[in-house]
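Single chain ahead, by itself, as structure tokens, in the form predicted alone.
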Amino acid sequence: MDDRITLAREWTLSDDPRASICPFRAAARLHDGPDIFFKTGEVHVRDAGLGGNWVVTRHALQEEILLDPARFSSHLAIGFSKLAGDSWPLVPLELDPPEHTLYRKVIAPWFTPAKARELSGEIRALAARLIEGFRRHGAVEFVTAFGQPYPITVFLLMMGLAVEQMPIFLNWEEELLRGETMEIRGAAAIGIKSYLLDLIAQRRRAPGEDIISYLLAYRLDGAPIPDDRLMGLCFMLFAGGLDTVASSLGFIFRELALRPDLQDALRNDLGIIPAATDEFLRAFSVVNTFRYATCDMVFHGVQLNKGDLIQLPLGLASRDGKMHAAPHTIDFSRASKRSLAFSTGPHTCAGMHLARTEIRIALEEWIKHVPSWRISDPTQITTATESVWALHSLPLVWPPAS
């Protein structure tokens, strides 16, 4: 019998009321089994004609897939260009080796540990400035006042973009990732593409010190980066820079708001903040990623066919009890905080060092400057569970300064 039938399971996280409280705990119910199941329905252009997609729930199985680009391809697996009616890949995310390796080297100088250290002074000054803007009020809506503008401003500076345009970019990003219809998502993809084309043209006329100017000047065997790969690079940077760290920060600061003991632990020993950063990343892996099967195969007892789409919700790997003891418990002293928060293998997130730096500095600055914070109204908190998991809002309150 067809495994698509025998392993079919209904799963729509957005329909689960428990996901509004914690999508990670709600999704972890899938660990009851099977470890691989078939979710029916074509909810995205990347699913077109496939009848649905496979979902892999365990850390070990997700890791095996991510480490094997020969059998599990990334080509157009996210599908943003398809939304815009095009076929260029996000670069390097939707490229397989060896081309992936080539373009990974192109952007590598912008995302090294040394580059993150170089930016850390500006990042810290930005965090402190944002906090100072609301610290004395004793209350803030975290997502809009800090969670988004903090990492996104860093990204905009790297791209050479005006901070004043952030509301436009955020609207595009929200509609691209979480629009209710494919038409809404497609319109956002087209809007971003059009903006990037204009931006590229501007940088050709007047290059600067930003990453787009760098890409335009870069030479591959003496030739400019081809136009389709250049668009893929710029779109990938745009989409990645506007959401992932912001989404992670929301869940991290909500957890701290719910757990004053964790805040106290950080205040009592700032030296544990790097370990806390890794534990938070382990617990709150927010990205869903996808792969296509490149051949017919039996994968851990499940028949996969060439062209099948496989979904990897990395938040499920975060909370896998086979990988981590007490996976829902935040434990800064956990012996192994190894996770798939930044994926693994050839597609390990290029921005991981910058992301870690941003999260670490955010924790340090909040702990140093904001008294014990808590959630002022839990009913105002809403979550997004499409594509990248996130909080739409997080109202916080703390004792105001005298």
Ligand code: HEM
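What you see is a predicted model, and the numbers here were worked out from it, not measured in a lab. Note that residue numbering begins at 1 and tracks the sequence as displayed.
Absent from the display: the form predicted together with the ligand. The rest refers to it.
- Residues R4, R71 and L309 are none of them found to lie within 4.5 Å of the ligand in the predicted bound form, as judged by heavy atom distances.
- The ligand in the predicted bound form is approached by T348, whose closest heavy atom lies within 4.5 angstroms of it.
- For G250, no non-hydrogen atom is located within 4.5 Å of the ligand in the predicted bound form, even though that partner is not displayed.
- In the predicted bound form, the ligand lies within 4.5 Å of some heavy atom of R291.
- Though the partner is left out of this view, G241 does reach within 4.5 Å of the ligand in the predicted bound form, counting heavy atoms only.
- Of the residues A283, V245, L316, I192, just one reaches the ligand in the predicted bound form with a heavy atom at 4.5 Å or closer; this is V245.
- Screening L66, V55, A27, I361 for any heavy atom within 4.5 Å of the ligand in the predicted bound form leaves a single hit, L66.
- Partner contacts here mean any heavy atom within 4.5 Å of the ligand in the predicted bound form, and among 265-273, 121-129, 105-113, 221-229 they occur only in 105-113.
- If you take 220-239 and check each residue for a heavy atom within 4.5 Å of the ligand in the predicted bound form, you get M236, L237, in sequence order.
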